[in-house]
Ligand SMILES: Cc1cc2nc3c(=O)[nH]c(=O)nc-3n(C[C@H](O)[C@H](O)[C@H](O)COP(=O)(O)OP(=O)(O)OC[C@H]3O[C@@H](n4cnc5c(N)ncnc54)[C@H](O)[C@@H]3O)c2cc1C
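So this first bit is one chain, no partners, the form predicted alone, shown in C-alpha coordinates.
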Amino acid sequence: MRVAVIGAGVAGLVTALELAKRGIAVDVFERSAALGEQACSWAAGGMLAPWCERESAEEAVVTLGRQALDWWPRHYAGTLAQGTLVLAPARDAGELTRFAARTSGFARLDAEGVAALEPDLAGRFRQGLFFAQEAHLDPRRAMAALVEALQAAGVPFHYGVEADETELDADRIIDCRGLTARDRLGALRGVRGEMLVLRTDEIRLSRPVRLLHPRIPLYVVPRSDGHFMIGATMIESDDRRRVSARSAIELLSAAYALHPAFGEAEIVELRADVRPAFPDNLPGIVEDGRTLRVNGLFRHGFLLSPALAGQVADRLLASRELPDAHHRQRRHA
(Lines give C-alpha, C1' and ligand atoms only; values in the text may rest on other atoms or scores of the structure.)
Protein backbone atom coordinates (compact mmCIF):
# COMPACT_ATOMS: atom_id res chain seq x y z
CA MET A 1 0.00 0.00 0.00
CA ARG A 2 1.26 3.46 -0.93
CA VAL A 3 -0.33 6.42 0.81
CA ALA A 4 -0.19 10.13 -0.01
CA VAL A 5 -0.63 12.52 2.91
CA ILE A 6 -1.67 16.01 1.80
CA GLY A 7 -0.77 18.72 4.29
CA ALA A 8 2.27 19.05 6.56
CA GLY A 9 0.58 20.61 9.56
CA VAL A 10 0.61 18.69 12.81
CA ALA A 11 -2.22 16.37 11.73
CA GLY A 12 -0.46 15.46 8.49
CA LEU A 13 2.94 14.94 10.09
CA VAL A 14 1.67 12.84 12.97
CA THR A 15 -0.45 10.73 10.62
CA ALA A 16 2.44 10.21 8.21
CA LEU A 17 4.73 9.12 11.02
CA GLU A 18 2.16 6.73 12.46
CA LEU A 19 1.67 5.14 9.03
CA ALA A 20 5.40 4.89 8.38
CA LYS A 21 5.95 3.22 11.76
CA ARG A 22 3.42 0.56 10.77
CA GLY A 23 5.23 -0.25 7.55
CA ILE A 24 3.09 1.74 5.11
CA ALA A 25 4.88 3.60 2.32
CA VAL A 26 4.09 7.33 2.63
CA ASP A 27 4.68 10.49 0.63
CA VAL A 28 3.91 13.93 2.13
CA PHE A 29 2.68 16.78 -0.09
CA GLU A 30 2.66 20.37 1.18
CA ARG A 31 1.57 23.41 -0.83
CA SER A 32 3.87 25.76 1.12
CA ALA A 33 7.49 26.16 0.17
CA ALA A 34 8.64 25.52 3.74
CA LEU A 35 7.44 23.84 6.90
CA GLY A 36 4.90 25.91 8.81
CA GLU A 37 4.59 28.68 6.26
CA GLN A 38 0.79 28.33 5.98
CA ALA A 39 -0.03 25.86 8.77
CA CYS A 40 -2.13 27.03 11.70
CA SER A 41 -0.09 24.54 13.76
CA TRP A 42 2.78 27.02 13.59
CA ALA A 43 0.83 29.44 15.81
CA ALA A 44 -0.38 26.82 18.31
CA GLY A 45 0.19 26.91 22.04
CA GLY A 46 1.41 23.32 22.18
CA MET A 47 -0.48 22.50 25.38
CA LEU A 48 -1.30 18.84 26.00
CA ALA A 49 -4.07 19.61 28.45
CA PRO A 50 -7.05 17.27 28.05
CA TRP A 51 -8.48 17.91 31.51
CA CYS A 52 -8.24 21.69 31.23
CA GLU A 53 -9.85 21.60 27.80
CA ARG A 54 -12.83 19.77 29.26
CA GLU A 55 -13.95 23.13 30.67
CA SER A 56 -15.27 24.05 27.23
CA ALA A 57 -15.04 20.79 25.24
CA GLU A 58 -16.81 17.44 25.11
CA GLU A 59 -15.65 14.42 27.11
CA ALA A 60 -14.36 12.91 23.85
CA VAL A 61 -11.56 15.50 23.87
CA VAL A 62 -10.37 14.18 27.24
CA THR A 63 -10.61 10.54 26.15
CA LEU A 64 -8.77 11.07 22.88
CA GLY A 65 -6.40 13.71 24.20
CA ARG A 66 -4.97 11.50 26.93
CA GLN A 67 -3.29 9.46 24.20
CA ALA A 68 -1.15 12.49 23.36
CA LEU A 69 0.44 12.39 26.82
CA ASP A 70 2.01 9.05 25.89
CA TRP A 71 2.58 9.66 22.16
CA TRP A 72 4.46 12.95 22.22
CA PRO A 73 7.19 12.06 24.76
CA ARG A 74 7.98 8.99 22.64
CA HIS A 75 8.36 11.05 19.47
CA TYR A 76 9.63 14.42 20.67
CA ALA A 77 12.18 14.58 23.47
CA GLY A 78 11.32 18.22 24.18
CA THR A 79 7.90 17.34 25.61
CA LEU A 80 7.72 18.70 29.17
CA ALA A 81 5.43 16.99 31.68
CA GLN A 82 5.20 19.82 34.22
CA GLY A 83 1.41 20.06 34.49
CA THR A 84 -0.82 23.11 34.08
CA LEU A 85 -1.51 25.83 36.64
CA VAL A 86 -4.90 27.58 36.51
CA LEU A 87 -5.28 30.88 38.35
CA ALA A 88 -7.75 33.72 38.74
CA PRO A 89 -7.45 37.19 40.32
CA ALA A 90 -9.17 37.49 43.70
CA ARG A 91 -12.04 39.49 42.17
CA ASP A 92 -12.69 36.65 39.69
CA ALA A 93 -12.57 33.78 42.19
CA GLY A 94 -15.95 32.64 40.90
CA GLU A 95 -14.35 31.84 37.56
CA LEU A 96 -12.00 29.40 39.28
CA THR A 97 -14.96 27.72 40.99
CA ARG A 98 -16.77 27.44 37.66
CA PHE A 99 -13.66 26.00 35.95
CA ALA A 100 -13.22 23.41 38.70
CA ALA A 101 -16.84 22.32 38.41
CA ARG A 102 -16.42 21.54 34.71
CA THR A 103 -13.07 19.72 34.93
CA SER A 104 -11.30 16.97 36.87
CA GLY A 105 -7.83 15.64 37.54
CA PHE A 106 -6.63 18.65 39.55
CA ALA A 107 -5.44 19.51 43.05
CA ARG A 108 -6.54 22.71 44.77
CA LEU A 109 -3.76 25.05 45.85
CA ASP A 110 -3.63 27.88 48.35
CA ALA A 111 -1.28 30.86 48.02
CA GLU A 112 1.64 28.86 49.40
CA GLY A 113 0.97 26.03 46.98
CA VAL A 114 0.95 28.43 44.02
CA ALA A 115 4.24 29.95 45.18
CA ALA A 116 5.82 26.53 45.61
CA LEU A 117 5.05 25.66 41.97
CA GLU A 118 5.87 29.07 40.48
CA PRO A 119 8.04 31.16 42.85
CA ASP A 120 7.83 34.23 40.61
CA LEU A 121 4.07 34.33 41.17
CA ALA A 122 4.41 34.29 44.97
CA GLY A 123 2.01 36.64 46.73
CA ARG A 124 -0.01 37.36 43.61
CA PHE A 125 -2.75 34.71 43.80
CA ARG A 126 -4.67 33.29 46.75
CA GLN A 127 -5.67 30.01 45.16
CA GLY A 128 -5.28 27.90 42.05
CA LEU A 129 -5.85 24.54 40.41
CA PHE A 130 -2.95 22.27 39.47
CA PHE A 131 -3.42 19.65 36.72
CA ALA A 132 -0.29 17.61 37.40
CA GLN A 133 -0.68 15.07 34.58
CA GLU A 134 -0.71 17.58 31.72
CA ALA A 135 2.23 18.58 29.54
CA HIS A 136 3.37 21.04 26.88
CA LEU A 137 5.80 21.39 23.99
CA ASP A 138 7.12 23.92 21.51
CA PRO A 139 5.03 23.32 18.37
CA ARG A 140 7.63 24.51 15.88
CA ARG A 141 10.42 22.41 17.32
CA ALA A 142 8.09 19.43 17.65
CA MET A 143 7.03 19.66 14.00
CA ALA A 144 10.65 19.96 12.87
CA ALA A 145 11.46 16.84 14.92
CA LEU A 146 8.64 14.93 13.20
CA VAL A 147 9.94 15.93 9.78
CA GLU A 148 13.41 14.76 10.78
CA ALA A 149 12.03 11.42 11.96
CA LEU A 150 10.04 10.99 8.75
CA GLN A 151 13.00 11.79 6.55
CA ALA A 152 15.14 9.36 8.55
CA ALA A 153 12.48 6.73 7.79
CA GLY A 154 12.80 7.46 4.08
CA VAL A 155 9.52 9.37 3.68
CA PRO A 156 9.71 11.79 0.71
CA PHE A 157 8.47 15.38 1.16
CA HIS A 158 7.13 17.40 -1.75
CA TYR A 159 7.00 21.11 -0.86
CA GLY A 160 5.40 23.79 -3.01
CA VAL A 161 2.96 21.29 -4.51
CA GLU A 162 -0.80 21.73 -4.87
CA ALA A 163 -1.61 18.03 -4.84
CA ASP A 164 -4.43 16.94 -7.15
CA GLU A 165 -6.13 13.85 -5.74
CA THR A 166 -7.10 12.64 -9.20
CA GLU A 167 -3.47 12.60 -10.34
CA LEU A 168 -1.71 11.19 -7.28
CA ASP A 169 -0.10 7.79 -7.75
CA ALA A 170 -1.28 6.33 -4.45
CA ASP A 171 -3.55 3.56 -3.24
CA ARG A 172 -5.02 5.75 -0.52
CA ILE A 173 -4.95 9.49 0.19
CA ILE A 174 -5.08 11.20 3.59
CA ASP A 175 -6.36 14.76 3.31
CA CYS A 176 -5.00 16.85 6.21
CA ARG A 177 -5.37 20.28 4.59
CA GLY A 178 -7.22 21.95 7.43
CA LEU A 179 -9.52 24.77 6.41
CA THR A 180 -8.41 24.49 2.77
CA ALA A 181 -10.40 21.24 2.64
CA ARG A 182 -13.66 23.19 2.61
CA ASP A 183 -13.71 22.44 -1.10
CA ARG A 184 -14.63 18.87 -0.05
CA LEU A 185 -15.98 19.39 3.47
CA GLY A 186 -18.62 22.07 3.29
CA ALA A 187 -19.43 21.87 7.01
CA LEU A 188 -16.02 23.20 8.03
CA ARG A 189 -15.84 26.68 9.48
CA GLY A 190 -12.90 28.85 10.49
CA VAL A 191 -12.13 29.91 14.06
CA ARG A 192 -9.54 32.65 14.20
CA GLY A 193 -6.88 32.58 16.89
CA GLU A 194 -4.38 35.31 17.73
CA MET A 195 -1.15 34.97 19.64
CA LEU A 196 1.95 36.89 20.56
CA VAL A 197 5.41 35.91 21.72
CA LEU A 198 7.14 37.96 24.41
CA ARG A 199 10.68 37.77 25.68
CA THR A 200 11.78 38.74 29.17
CA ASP A 201 14.36 37.67 31.73
CA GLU A 202 12.33 39.19 34.58
CA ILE A 203 10.06 36.21 35.13
CA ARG A 204 10.40 32.45 34.90
CA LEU A 205 7.62 29.90 34.61
CA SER A 206 8.00 26.13 34.53
CA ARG A 207 4.62 25.24 33.05
CA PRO A 208 1.67 26.73 31.16
CA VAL A 209 -0.38 29.10 33.29
CA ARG A 210 -4.03 29.82 32.51
CA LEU A 211 -5.41 33.05 33.91
CA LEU A 212 -9.19 33.05 34.07
CA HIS A 213 -11.08 36.21 33.26
CA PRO A 214 -14.77 36.60 32.35
CA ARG A 215 -13.96 38.40 29.09
CA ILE A 216 -10.63 37.07 27.82
CA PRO A 217 -9.16 33.95 29.48
CA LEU A 218 -5.43 33.87 28.89
CA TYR A 219 -2.79 31.20 28.66
CA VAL A 220 0.95 31.77 28.97
CA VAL A 221 3.20 28.99 27.74
CA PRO A 222 6.92 29.17 28.58
CA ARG A 223 9.37 28.51 25.78
CA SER A 224 13.17 28.52 25.75
CA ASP A 225 15.47 31.53 26.26
CA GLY A 226 12.96 33.66 28.15
CA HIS A 227 10.27 33.44 25.47
CA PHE A 228 6.58 33.13 26.35
CA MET A 229 3.69 32.40 24.01
CA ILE A 230 0.56 34.36 24.97
CA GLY A 231 -2.78 33.34 23.53
CA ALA A 232 -6.48 32.81 24.05
CA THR A 233 -8.53 34.64 21.45
CA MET A 234 -11.23 32.66 19.62
CA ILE A 235 -13.13 34.58 16.96
CA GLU A 236 -15.71 33.05 14.63
CA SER A 237 -14.00 34.15 11.44
CA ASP A 238 -11.85 32.79 8.61
CA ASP A 239 -9.99 36.10 8.28
CA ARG A 240 -6.23 35.47 8.24
CA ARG A 241 -5.21 39.11 8.43
CA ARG A 242 -2.79 40.30 11.09
CA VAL A 243 -3.58 40.55 14.80
CA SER A 244 -6.06 43.33 15.59
CA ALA A 245 -5.09 46.19 17.88
CA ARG A 246 -7.91 45.25 20.26
CA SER A 247 -6.71 41.66 20.62
CA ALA A 248 -3.11 42.76 21.12
CA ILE A 249 -4.15 45.18 23.86
CA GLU A 250 -6.29 42.58 25.60
CA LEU A 251 -3.60 39.91 25.47
CA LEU A 252 -0.94 42.29 26.76
CA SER A 253 -3.23 43.60 29.51
CA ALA A 254 -4.04 40.08 30.65
CA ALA A 255 -0.35 39.12 30.63
CA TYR A 256 0.41 42.21 32.72
CA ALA A 257 -2.31 41.12 35.17
CA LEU A 258 -0.53 37.78 35.57
CA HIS A 259 2.77 39.54 36.30
CA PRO A 260 3.84 43.19 35.80
CA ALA A 261 7.18 42.04 34.36
CA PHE A 262 5.38 41.30 31.11
CA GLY A 263 4.79 45.04 30.77
CA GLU A 264 8.49 45.52 30.05
CA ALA A 265 8.86 42.42 27.86
CA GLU A 266 10.00 42.58 24.25
CA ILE A 267 7.34 41.75 21.65
CA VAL A 268 8.97 39.16 19.41
CA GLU A 269 6.02 38.09 17.26
CA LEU A 270 2.35 38.75 16.61
CA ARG A 271 0.46 36.20 14.55
CA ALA A 272 -3.09 35.25 13.65
CA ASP A 273 -4.33 32.12 11.94
CA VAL A 274 -7.55 30.20 11.40
CA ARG A 275 -8.30 26.75 12.78
CA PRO A 276 -10.74 24.32 11.11
CA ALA A 277 -13.79 23.18 13.05
CA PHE A 278 -16.94 21.20 12.40
CA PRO A 279 -20.21 22.55 13.85
CA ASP A 280 -19.86 20.45 17.02
CA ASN A 281 -16.14 21.33 17.48
CA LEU A 282 -15.23 17.62 17.42
CA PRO A 283 -12.77 16.12 14.92
CA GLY A 284 -13.82 13.77 12.18
CA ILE A 285 -12.47 11.21 9.72
CA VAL A 286 -14.50 11.38 6.52
CA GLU A 287 -14.24 8.52 4.03
CA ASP A 288 -14.53 9.72 0.43
CA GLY A 289 -13.63 7.02 -2.10
CA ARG A 290 -9.94 6.24 -1.70
CA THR A 291 -9.49 9.38 0.45
CA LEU A 292 -9.75 9.77 4.20
CA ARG A 293 -10.23 13.38 5.24
CA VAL A 294 -8.88 14.10 8.73
CA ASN A 295 -10.15 17.44 9.89
CA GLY A 296 -11.99 19.59 12.41
CA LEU A 297 -9.32 19.48 15.12
CA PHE A 298 -10.33 23.02 16.15
CA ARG A 299 -7.97 24.28 18.87
CA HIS A 300 -6.78 20.77 19.75
CA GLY A 301 -4.35 19.95 16.94
CA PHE A 302 -1.40 18.73 19.02
CA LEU A 303 -3.69 17.17 21.60
CA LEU A 304 -5.86 15.10 19.26
CA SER A 305 -3.58 14.33 16.28
CA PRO A 306 -2.07 11.17 17.81
CA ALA A 307 -5.50 9.61 18.41
CA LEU A 308 -6.75 10.52 14.93
CA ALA A 309 -3.56 9.23 13.33
CA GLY A 310 -3.91 5.91 15.14
CA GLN A 311 -7.46 5.54 13.90
CA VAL A 312 -6.40 6.30 10.32
CA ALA A 313 -3.63 3.70 10.48
CA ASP A 314 -5.97 1.10 11.98
CA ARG A 315 -8.54 1.76 9.27
CA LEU A 316 -6.04 1.50 6.41
CA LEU A 317 -4.49 -1.70 7.70
CA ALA A 318 -7.92 -3.25 8.25
CA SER A 319 -8.98 -2.35 4.71
CA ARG A 320 -6.02 -3.94 2.92
CA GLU A 321 -8.03 -7.00 2.02
CA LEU A 322 -11.42 -5.30 1.80
CA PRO A 323 -12.93 -3.64 -1.28
CA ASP A 324 -12.82 0.16 -1.38
CA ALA A 325 -15.82 1.80 0.27
CA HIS A 326 -17.01 4.18 -2.44
CA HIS A 327 -19.14 6.30 -0.22
CA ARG A 328 -18.96 9.50 1.74
CA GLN A 329 -19.47 9.27 5.47
CA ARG A 330 -18.61 11.47 8.45
CA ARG A 331 -17.72 9.74 11.66
CA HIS A 332 -16.68 11.43 14.87
CA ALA A 333 -13.24 10.37 15.88
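One rule holds for the numbers: they count along the sequence shown, beginning at 1. Computed from a predicted model, the values in this text were never measured in an experiment.
The same protein also has a form predicted together with the named molecule, omitted here; what follows describes it.
Only one of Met47, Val61, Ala265, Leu292 lies close to the named molecule in the predicted complex, with a heavy atom inside 4.5 Å, and it is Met47. When the named molecule is considered in the predicted complex, only one residue from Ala81, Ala257, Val161, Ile235 comes within 4.5 Å through any heavy atom, namely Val161. With a 4.5 Å cutoff on heavy atoms, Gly65 does not count as touching the named molecule in the predicted complex; it lies far away.
With a 4.5 Å cutoff on heavy atoms, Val3 does not count as touching the named molecule in the predicted complex; it lies far away.
When the named molecule is considered in the predicted complex, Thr180 lines it closely, a heavy atom lying within 4.5 Å. The named molecule is not drawn, but in the predicted complex it has no heavy atom within 4.5 Å of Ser56. Of all the residues from 255-270, none has a non-hydrogen atom no more than 4.5 Å from the named molecule in the predicted complex.
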